[in-house]
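The chain below stands alone and is given as structure tokens, in the form predicted on its own.
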Amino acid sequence: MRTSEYTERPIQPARLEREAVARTYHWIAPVHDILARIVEGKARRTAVGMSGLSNGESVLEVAVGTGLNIPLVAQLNPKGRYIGVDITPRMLRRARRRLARTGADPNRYTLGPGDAYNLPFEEAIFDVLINSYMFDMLPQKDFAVVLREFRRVLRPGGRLIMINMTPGPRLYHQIWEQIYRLHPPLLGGCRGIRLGQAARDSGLQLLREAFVSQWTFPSEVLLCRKPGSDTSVPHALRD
């Protein structure tokens, strides 16, 4: 089921202040992967598959967290360039340990601090940008700001793949929204959002969207492209 096929419901406001994100994830870091593996694994695999990632591409992952996507990326792109950034040092330390276990070339795969609102990179240098479960923490007014920053660092024709918690069509999907209402830090400040229109409004082409549910947890996966001279669709994206 695509995200456009289910009933629209109002998006809850962001309730985790930007200044509190790093503090919250400092405490979440040791237990983060327990829930993430149970409810996010299918969406992460779907996203990397949808990206059409091929060996030799330059990849930026923003909000890398504990590095759950790194093994998937390294398997497909061992000779490419990968940079992962996050604002939480404790999450980055865990991501570095996961990266080391992949055996990826440390000259090609690196991790460091970075803020999605102001990425420390030049314009138009990445083929692919990956972002997982971050926009669902942000205020809606900031969606356009961050999407423009993502667009800036992608080369023309570059792809943006995003995963977010999203409202689901079933009653059991609403359990997660109720948890958020009760205490947002239990979900790391994430609530259900829909990002497709904001991506289009930011000048990105929305190529594909998918809805993924795992153990009742609803996620949207969006594949976008920055317009430019390279408009061919990678083989892996063709139906």
Ligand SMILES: C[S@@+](CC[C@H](N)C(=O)[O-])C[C@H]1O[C@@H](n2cnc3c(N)ncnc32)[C@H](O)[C@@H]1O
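In case it trips you up, residue 1 is the first one in the sequence shown, and so on. Small disclaimer: the values here were computed from a predicted structure and weren't measured.
Keep in mind the form predicted in complex with the named molecule is missing from the figure; the text below concerns it.
With the partner removed from view, the residue among 162, 154, 137, 95 that has a non-hydrogen atom within 4.5 Å of the named molecule in the predicted bound form turns out to be 137. Proximity to the named molecule in the predicted bound form, defined as a heavy atom within 4.5 Å, holds among 104, 83, 116, 76 only for 116. Proximity of residue 147 to the named molecule in the predicted bound form falls outside the 4.5 Å heavy atom cutoff. Contact between residue 21 and the named molecule in the predicted bound form is found at the 4.5 Å heavy atom cutoff. Interface residue remark: residue 217 is not counted as part of the site for the named molecule in the predicted bound form, having no heavy atom within 4.5 Å. Contact annotation for residue 191: none of its heavy atoms lies within 4.5 Å of the named molecule in the predicted bound form.
The candidate stretches are 62-70, 168-176, 49-57, 202-210, and the one lying within 4.5 Å of the named molecule in the predicted bound form by heavy atoms is 62-70. In the predicted bound form, the residues of 74-98 lying within 4.5 Å of the named molecule by at least one heavy atom are, in order, 86, 87, 88, 91.
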